[in-house]
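One chain follows as structure tokens, the form predicted alone.
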Amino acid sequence: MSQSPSSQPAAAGGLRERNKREKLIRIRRAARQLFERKGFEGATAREICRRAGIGTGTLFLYVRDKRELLFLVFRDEARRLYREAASRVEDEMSLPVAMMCFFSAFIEFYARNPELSRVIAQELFFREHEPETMGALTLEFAGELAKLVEQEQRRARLRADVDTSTVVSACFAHYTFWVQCWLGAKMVSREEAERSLRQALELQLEGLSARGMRC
């Protein structure tokens, strides 16, 4: 039985979308493999296209440049890390420990490939805010931390008179500082960075605890 004329364009459109998704998956996979093996600067667009089985021109239908391709690779990794970190958070954990589930997950990821991670950190922390790319990931990260803060406020363990975004921003600033000290400036080891970050969070959040409020 043949398809009706009205169903043929829909079928063709569905096939095109599936092909686009499959190509994007191949592009991300190829880019990740080459970034990890050769570093960000060493991996060329031509090599990525060859490994993905596409023409060079096709790549730039999906991304503007290699940095945007880096975002596509890191976005999937970041969202995986969010899920894994959230699964490790337990109800009885203090807020600093719960936050460290997230921060340590990213620090561990960065430690696997420091050269590539420096490029990622540069894009996340020091490039002009781009709301559709790395900026969106930063906001997602902040959203995950906000859930932890709001939960503590509902339990009356954290001051409710302080805006959630202010608490998250302060904690994220500690994380950014110690990642830069370790990964960027190489002033401290990874272990020192994690230890110092946790201590900074404990001090910061102790001052915001509900029991610290004056009557």
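Residues carry their position along the shown sequence, with the first being 1. Everything numeric in this text was worked out from a predicted model, so none of it was measured.
This next part talks about the form predicted in complex with the DNA, which is not shown.
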Checklist entry - the DNA isn't shown here, but in the model of the complex, which of 51-59, 145-153, 173-181, 160-168 has heavy atoms within 4.5 Å of it? => result 51-59
Checklist entry - With a 4.5 Å heavy atom cut-off, would you call Met187 a contact of the DNA in the model of the complex? => result no
Checklist entry - Even though the DNA is not shown here, does Thr44 get within 4.5 Å of it in the model of the complex, heavy atoms only? => result yes
Next on the checklist: Contact with the DNA in the model of the complex for Arg28, defined as at least one heavy atom pair within 4.5 Å: yes or no?
Outcome noted: no
Checklist entry - Would Gly207 count as touching the DNA in the model of the complex under a 4.5 Å heavy atom rule? => result no
